[in-house]
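Next comes just one chain, in structure tokens: the form predicted alone.
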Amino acid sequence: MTGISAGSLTEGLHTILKRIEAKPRKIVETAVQSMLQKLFQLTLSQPAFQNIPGPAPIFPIGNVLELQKGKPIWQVLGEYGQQYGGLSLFWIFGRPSLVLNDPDFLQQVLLTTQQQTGANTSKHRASQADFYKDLPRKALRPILTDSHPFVAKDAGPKWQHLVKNNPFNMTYFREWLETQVQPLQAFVETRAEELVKQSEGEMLPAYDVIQKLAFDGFSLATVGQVFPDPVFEQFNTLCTTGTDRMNRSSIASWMIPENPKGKPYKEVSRQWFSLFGEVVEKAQAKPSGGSLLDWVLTRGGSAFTPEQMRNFCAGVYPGGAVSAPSGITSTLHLLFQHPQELSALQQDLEALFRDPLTLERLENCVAVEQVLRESLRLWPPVPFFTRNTVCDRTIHLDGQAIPANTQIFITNWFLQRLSPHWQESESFKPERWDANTLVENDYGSDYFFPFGRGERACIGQDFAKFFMRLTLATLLAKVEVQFGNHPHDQEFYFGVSVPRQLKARFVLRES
């Protein structure tokens, strides 16, 4: 069946059903579905997965139709947690995939063996060493290089070297971060005034303009300059290629080459990395600015080669300049939908900005943190990620034997949004984050992990959280962000869910 796509099979089934008379259609549809389910069991099912619950697959596409019912895949996978529990099974054609919606399972997959010691440890308990990254590593090659910790298959020596020498991991990172508060605050205020003028005539695509703000802000902080607009366009061209590769590779990894082909992509990629090669070369010649690159070059601590440093600078954007603006946009929209919460936050912001802003005062602004965490809980920018079991042996989860090289989907959608752990879990309630909740549900905990969990969580998350806090506080103190009536739908873009359909107008607040 290698020549048949999910789309053509779906279209063929719909065509057949349209030709059936309306009255007996349901009966015939049920009979056909039952027949295809039995055929799948006879030809494609595997004994190793017989005891794992999940939706019934149909021949030959498995549960592909189940995943195309108008909901994003992460919502479907999260709902499996409600229907089938913490471990469930679905099929992409003849390929089995497991879904984890249980905190204990996630600990085994994402945390180290040392972090798992305790009374419930047994010889059948899995550990991080039993899993590796597969699908996204290959798919996101348009912009992620071997210098990025994300692309390492496991937490072995290569990954450890990349993490140890990453500029976000330097001992002076927080000291540098303190120096970024004032320049980034001024940058966001200026950009806010520009957005006010731009939206006087018509509403703006909210995510797009916030993404441009984040891209430029990241550039200013990490390499000390704001690039011309064509550089931002190059970035999104690379992201679009990566998105297409991820969509195709989710069906079968062989559908994408190891490296993207085509002259347009290759030229954009060449220009992108050439630009950051020049940035690093100039900084090495005169590292006198206040960017993170300048700090690393003057203070040391990293054994990165010039090429690896170039790749770090180029690799700051793929995660942060897609996911951070998603989180910022979602937060602004939720506050617009809840004016009482917005009004309460703005009162706290007036007190926050009475004195010059510092990193400590920003981090200690409970109202900003409550709003941000509640938004990331409901609309995590990265709502799912994947692992594979190792290729050379069977591993065990909760006594269930999992064959080698089985694909695993991990979603925070159920644990953060649908789980009974949270009262009124689908409601926007920033006040739920009282002192105890902040401690018990810290970033990377069982029921709140918008940046991932364990050692391989997002290496740039401290900068991303800082940037989101600062941008939200500065924007909301300066402007009113008014949204249209578009629903808060999310679409998949470079491994991130983004609210691209939202439109917004920026209006200066009365002082």
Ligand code: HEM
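So that there is no doubt, residue numbering starts at 1 and follows the sequence shown. Everything quoted here is computed from the prediction, not taken from an experiment.
Note that the form predicted together with this ligand isn't included here; everything after this is about it.
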The listed residue (Q416, S330, S291, S323) that reaches within 4.5 Å of this ligand in the model of the complex by any heavy atom is S323
Please tell me which of P287, G277, G315, G81 lies within 4.5 Å of this ligand in the model of the complex, judged by heavy atoms.
G315
With the partner absent here, would W159, P450 and R456 each sit within 4.5 Å of this ligand in the model of the complex, counting heavy atoms only?
yes
Have a look at 432-440, 277-285, 352-360, 384-392 and name the one stretch with heavy atoms inside 4.5 Å of this ligand in the model of the complex.
384-392
Taking heavy atoms only, is G242 within 4.5 angstroms of this ligand in the model of the complex?
no
Is G460 part of the interface with this ligand in the model of the complex - any heavy atom within 4.5 Å?
yes
W91, heavy atom within 4.5 angstroms of this ligand in the model of the complex:
no
May I ask you to state whether A477 is within 4.5 Å of this ligand in the model of the complex, using heavy atom distances?
no
Pick out the residues of 148-186 whose heavy atoms come within 4.5 Å of this ligand in the model of the complex.
H148, P149, F150, W159, F168
